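We've got the same protein chain twice here, in two forms, each standing alone as structure tokens: structure 1 and structure 2.
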Structure 1
């Protein structure tokens, strides 16, 4: 089957919520808590999930992915397909038509100029865009009329749903951001903290790394929504406090990403105030190996860039041995229970794109030691290996979280068993996953040797996700440290295969290429070391209706449909 065949109409058009309310604001206030606090509300300047999802309450894409991964029109009149004429027969262009009468929250009209501007904003060569992979292969965006734009690709694009689809690629208002392009983008604090949007809510106050206050958007396209007149988005704390706030005390209505040990979560659920919800998608806890040297002895502009290759991790034997030393089954047992599965894949789903890579699933300390011995990394009297004057001494960083600190402690022990000295560092999640170009502690800046976090992709096709690892997307000073290629991996063969995926229409062949790309990053190069295929676990109050957990898009994708159960 060709992907073109699927474009002939296999698009969802379902109603998303029951008619549980009939008047905007009639259900009062709703409280949301994310233990990773948002630091910015512009998804193009942060790849942190907490920033993307909080922003999704305000700025919206042309289309979203529903709970089943199907494409659903939001600002667009419909999802373009070959059948309805929206996707050209040669698959080189896609034409989007906005719904008529759409307004920004300031009352001005949403037009195709805003859509084109959004693409130009992200693709500006003088700036850094955290979502540049969504625009992979785009040659031009042309305004046809006030409501219509055509995106043209350099080659046939069997999956043209990168730009403007999902929470990672929303439309931003040209009038607000037109003087905030390129290198100026991070400087526009007012716009980045309070974007004018089309979503159900409007920001009234934003305190970075703390709390966001919102009210219902009076210009929202559905006169009966949202049901809530106001919203508080609280950030910070930890997963334990977030879980208790919904499941035990009832202080909050929705808690995201309850990354807690299974027994802890089960005990909280006994409180009776809320319900935990979970589902598997593409969220993978992984270790990223820094291919560049993060040593503070290097000057800024060289440190953690391609100009300074990593003195130890440039050796694939070191990366492979560090992966071999890890017991993924034990990590799942202590960290996630039934909500986790050991994995060797960066792309664990859907099945058509998931490699049969299982090489990493059995811990092999002896094999790891033998590999390092053979590679010439000899143990010193202190048990730490060295070669040509370079010690195997690693700084291992992640965000502050009980499960992650448990993982760090175990992995440090295993690595020391193979002669790798390990210093642990944990950073406040709001800072670690923030997009501040001036902070040395963000995961994009990567001033450590290895780091651990989880990430996933919008929708059910991993093309844009895998395109994040091309050479041009490495964070660097010139891009204000924005970029999705976190470990600075660069292989021209990988880049060419990404391009081939972009022009391949046969589904089975797309699957083969995606699996090869996955394997190049994992079992062939070990620049990404997957650990756990994580189920998404969140919780909502028993009094909050309309919640549909979505692992393919923002969890807050249908917040306009939430309501209070009387």
Structure 2
């Protein structure tokens, strides 16, 4: 009899499960593991990703970036733009309107005073705010009414979404932090360890550098969410261990940032408990072509500067042929697997700024050979092409890293097939990226013909990133070899277009200009040869639903939508 009741109960339970799906706290407990442990839950006092992401479960900004880098309103009614009047025509101010009826987890109302307080808290001249860059150029934050604030900038700001946008700039409660401003900010341990927020969860216990316990927020704005009644956020360990905990043993439901080789990850996934997911940001592994002559026979001061153009790489046909000879699919397969995809773009994302340029994706050795033949680079008896006494012989440098050395070996083989002699060089990463003006081996100094590394940009707007390639930013002896225009590309038309981008506020127009700039560097000139768009890999348990990996904002941005698959 008892067994029968139990069985019936179980059957009833399964039948009822889908109905219970839309109820707050119906899915029990969820475990998250980050291999770096959070030490504070106030993002204004720490720039660590682990702190910002764990805090994003509790405190929320006015708007977030979604998985495509598009803006989504969170606490705000809608995202202000020039079109809907939220951003003034002169791009100097932005007006945010809060959703009505929002409540803090302690039950009090969220008002524009909290928003203004947040800005004052971070911009307090006595305190060191970790997210001050978000508030750069802010002149004042004014309260218009209970739900409206206007942020005014000192000068026109085409991208006004710094303050209150994204996981780094959430709204904190004025009542809680009122007495914690300026120099006193780090002293308010209780507030910093358990901020009152508007997010889906509320902190019950915080142990710095170890574990956070949370329960569902009773006052969350969506009555049906979050699906989980409680949450444990565990920090520490390493990527391998947290990968195993989700993929192999199933102890945890979500693991963050698994920087592991594709075959290692695949081996773990054989455990069958979880799934590795990847998402792509803006990190692009690329080859830069030196437009200046790095030959050691030149004297210092002339070597690798605009005064000495590169004898071979100044010819666009050589650069184009070298790009055509590369099989990007194979590079991805060997080096990154799921965490990479071939790309021809310097700005691979967000969608609004990514060019549709795909012409480099197919390897074409025969075409590259034909192109060089046509351009007058004839193969000599040793198989190396030459023209007017200039041999196509390249020094190809990068930092010391197993994947990069594999790439070097492969690319060297392809280049030799098109008659380009290649000498490989790898430099210790701390020297290569160290930026020491006295060292000849830095990537800025670029004493090589081609070099390979990866770079990305913060946030979703590529303006400053694309502006790196203007003529005046080339590293040179006078600037102590500092500068971001690594390949010394210089085109007045490009500089002009960058200036135009700085004057343009309309999003679609900005996208167009950014795409054009990207194309000028890649498929129109081949000074930057993008190889792989490198992504972020995280893992979630097979029973955890609703996970959408986001590289533009906190990975836990939509934790309110997570649920248990039954």
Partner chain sequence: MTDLSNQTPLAPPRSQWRNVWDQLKKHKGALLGGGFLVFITLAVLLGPYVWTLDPQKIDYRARDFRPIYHALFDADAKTAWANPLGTDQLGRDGLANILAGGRTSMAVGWAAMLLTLFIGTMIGVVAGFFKKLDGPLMRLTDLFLSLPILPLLLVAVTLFREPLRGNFGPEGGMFILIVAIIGITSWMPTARIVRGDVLALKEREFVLAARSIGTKPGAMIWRHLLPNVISPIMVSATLGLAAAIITESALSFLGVGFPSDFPTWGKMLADAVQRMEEFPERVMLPGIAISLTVLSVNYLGDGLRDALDPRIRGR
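Positions refer to the first chain, counted from 1. Quick caveat, the model's predicted, so the values are computed rather than measured.
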{"item": "Either 1 or 2, the form predicted together with the partner chain", "value": "2"}
{"item": "CA superposition split between structure 1 and structure 2, residue 78 and residue 296 in same rigid part", "value": "no"}
{"item": "Hinge rotation between structure 1 and structure 2 - smaller rigid part turning relative to the larger, in degrees", "value": "62"}
